[in-house]
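Taken one at a time, structure 1 and structure 2 that follow are two forms of one protein chain, written as structure tokens.
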Structure 1
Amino acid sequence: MTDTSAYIKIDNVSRHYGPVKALHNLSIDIAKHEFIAILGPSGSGKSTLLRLIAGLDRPSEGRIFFKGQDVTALPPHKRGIGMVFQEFLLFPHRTVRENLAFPLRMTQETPAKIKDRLDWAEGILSLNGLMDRYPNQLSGGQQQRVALGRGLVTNPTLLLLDEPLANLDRELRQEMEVEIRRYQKQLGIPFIYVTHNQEEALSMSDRVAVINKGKLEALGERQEIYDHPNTPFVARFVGRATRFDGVSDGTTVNIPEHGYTFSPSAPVAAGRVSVFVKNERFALGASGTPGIACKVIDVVLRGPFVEFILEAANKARIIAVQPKRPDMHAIGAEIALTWDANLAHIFPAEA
């Protein structure tokens, strides 16, 4: 007997399409009030997971529980969920008001209740003056808010968001990230947010589930996932990192291609290892000091940060990110690249 006390319980779910395993034995418990991001590259199975939760697809094995009730066999329209799609998918032949009223009509609400909920949505999403427009008369951000409203208007058990910000430009995206997180905290229902964009996942969520090749790679607090990745995939995928192939003798790690040796904070099993260093954790020391000798071949300004494109002696390219400072290294400068041994993530080499 499984414990079904979690608000949302995904219990050992698999989804196979013939011989293709889109999802493999995946379990996640989600608490009420929780904003959880499901992060993975395209084709990782993250959208399949979302469709299984929504009921748009059925798991080949495993069960899904909402508030202790088994919903595995329930069709989507009986699950009481809200969902926001990447392309928004607002009904183009209906006004904003009719789009928002649609889910309420489906649940046979009274006209008074519908009006009540529409007023609520109009207020919370600042849709004043837009209610009688058609979706194609709205900006991307406004469409996004209507899509959110359509997902939330029925007081759903949970809200599923399928890369809802992918079609917005960068500035608007950052604005919406804050807004969506605010709604979630205000409403106190779980938001399950699928994305391939690790920045989005980290900026909005409480916990992050990293999925790769249909398997759950990591599940944890966002800070934890970022600072202490438990697999090489997570180390590479969350944040921007550089990988080095190294050899460990138990206490020190040598990176033969750059002739650099450092001592990790904790002992590492002897043998071939992969070393991951987040790009912003590199330190650029003066030429001649210990480190990997590199030459700055280009400098890319990214607002408050600077990306240094470095070339090591063996012509390998490395990117180091530093806060912008007035006295930074110029193109052509020779430097020594090092990192804080505590912040490098070391795994046995992947076969």
Structure 2
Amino acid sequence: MTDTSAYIKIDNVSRHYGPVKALHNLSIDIAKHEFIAILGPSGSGKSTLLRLIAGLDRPSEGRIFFKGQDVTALPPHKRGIGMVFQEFLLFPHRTVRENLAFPLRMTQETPAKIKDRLDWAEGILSLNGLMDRYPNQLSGGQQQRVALGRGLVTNPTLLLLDEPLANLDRELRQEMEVEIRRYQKQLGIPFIYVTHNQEEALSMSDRVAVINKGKLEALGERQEIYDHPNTPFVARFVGRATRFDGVSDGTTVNIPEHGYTFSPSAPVAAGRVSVFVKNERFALGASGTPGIACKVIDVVLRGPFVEFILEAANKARIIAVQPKRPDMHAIGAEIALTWDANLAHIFPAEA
């Protein structure tokens, strides 16, 4: 019996390598026009998942469906997928035209079909004037577009991208983030993008799947994942956040090490809790006002934002991110650190 409720369906998939459990009962449904990011730290299992979707490996348990068809045992070349890797993997002795034509020749397409697909790739990827150049005559961004083109010329069912921007500088990476998202919307096929870079995941995707230690921690729209993390790991990993150890009496939460108490917007079960606050959601008040007494020990400029490196009375270091202002606090300033109780994420303390 097949399942047609999702364009791509990953159904209770696990992958074990001997005693090592790389993935645990992971399920994700992906819609036809969706851009989904698989986000997790190194060793979380995200690349293992990509290999299973590609057919480069088989799950120990569970099944994978493409458009209602069970492809769990299907080899990669019969799945109709395109792939783009961290390394561009372009043939240095072949021109852009020859690199793009290679996967089409491997599938024995006709010369007319090859020309048609190359003309299409040249247009959509803005490769005009570059088709007869060699890879060493291209910029990093141009090489990345060729690598993308090679994954797309076969008109795949979906495109798998494995950390494709990791080798680009920051400015070019941000430019390519916009371009890749634009390509996905134009083509209307699923893009599954594996990354450890949360900025990429949050800026490009429709939804984010957060994986940790082989388990699916969270799956949801990017803003929802950022604003309303559902586990301590997601609160800590998605967006830069500071963790405080607290104690709840049911209506208020006390941070004993800093002598600070606040009232959450919703009741919190009594007991030990972990409080996570995004670094950009701190407020810096005047010294002597209610809050955690801190001293500014460094100021780091980040374009329109400023990172204040703070030291609390117990010598703990806290980073607060604020918009850059002419009257911002200077090194040595004494301040009181607070936050909006509605924006704190509170969980029972981890054992």
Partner chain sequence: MDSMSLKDFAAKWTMGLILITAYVFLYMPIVHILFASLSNHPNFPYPPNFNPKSYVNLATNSIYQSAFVNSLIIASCTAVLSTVMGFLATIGVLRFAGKRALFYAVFFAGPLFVSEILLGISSMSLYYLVFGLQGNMVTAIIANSVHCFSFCFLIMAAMLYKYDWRMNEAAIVCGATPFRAFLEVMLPLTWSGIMGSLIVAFVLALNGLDISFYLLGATPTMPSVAWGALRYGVKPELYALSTIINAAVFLAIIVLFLKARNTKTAPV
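Quantities reported herein were computed from a predicted structural model and do not represent experimental measurements. Each form is matched to the other, and the largest set of C-alpha atoms that superpose within 1.5 Å is called the rigid core. One-based numbering along structure 1's sequence throughout.
Structure 1, not structure 2, is the form predicted together with its partner chain. Core-superposed comparison between the two structures: the C-alpha position of K115 differs by less than 2 Å. T95: CA moves 2 Å or more between the two structures after rigid-core fitting.
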